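The form predicted alone is given below as one chain in structure tokens.
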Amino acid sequence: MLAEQSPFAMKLGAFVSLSGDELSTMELLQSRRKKFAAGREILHQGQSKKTAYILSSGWVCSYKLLSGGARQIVDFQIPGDFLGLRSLLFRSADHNIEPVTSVEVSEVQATDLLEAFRKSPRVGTGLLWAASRDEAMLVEHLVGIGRRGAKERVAHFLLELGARLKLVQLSTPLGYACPLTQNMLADAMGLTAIHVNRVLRELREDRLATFQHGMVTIHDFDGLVAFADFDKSYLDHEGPLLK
């Protein structure tokens, strides 16, 4: 896959306009490809191996396990996302990463990243933007769990996913393919699977959105945005700031 066509380049291109040389640097950064089957762990909590990944295709989830076995999903990653960046900087990984579907990733070592930064500071700036945007998303998720009602929380999450997927040309205002289960949504949003099922049924009956058979269908985009009080400015998708 050419860098100018890769989800990774599309994502960073939302912040910084990339030259041909910078796209070549990104292509080199994605040259070491690996595949993982669904459910096969990519990164585990406590791992000391200094390795991160760029997700080229498929979906993964990041999560933490409590001592009693309970799981809190921190986020879902889609094509174009950087996986395990903190594991390159921390002494050990502080979370687990597991494929939701079969995935293809590019393995990145710390030396690869430093060389990319040396060759192209603008690529480094783009990665800093991506990490900052991911932090903004986590803040929004914390607000959702702490202050939004369950129905608003799920609606907001579906809109956020749609906006993220649109950035890498995997969604439209009418909807998108989504491989997540209700159990996964429950673990991400601090709800039970039964509660998620009831909320999704209510959104469908309200003719706002339907999530069935691996597809999210948006029936009333503006209505869903208004109901969830969704302000996508925290995603910072309005076009490159650095020309």
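Since the structure is predicted, the reported quantities are computational estimates derived from the model, not experimental observations. Note that residue numbering follows the sequence shown and begins at 1.
The protein also exists as the form predicted together with the DNA; that form is not presented, and the subsequent description refers to it.
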Legend entry - One stretch from 23-31, 43-51, 62-70, 189-197 that, in the model of the complex, holds residues within 4.5 Å of the DNA by heavy atom: 189-197
Legend entry - Contact flag, Ala110 vs the DNA in the model of the complex, heavy atom cut 4.5 Å: no
Inset, instruction - Report whether the minimum heavy atom distance between Val143 and the DNA in the model of the complex is within 4.5 Å. - result: no
Legend entry - 4.5 Å heavy atom contact, Lys35 and the DNA in the model of the complex: no
Inset, instruction - With heavy atoms only and a cut-off of 4.5 Å, decide whether Ala163 touches the DNA in the model of the complex. - result: no
Inset, instruction - Could you tell me which one of Leu114, Ala150, Ala136, Leu128 places a heavy atom within 4.5 Å of the DNA in the model of the complex? - result: Ala150
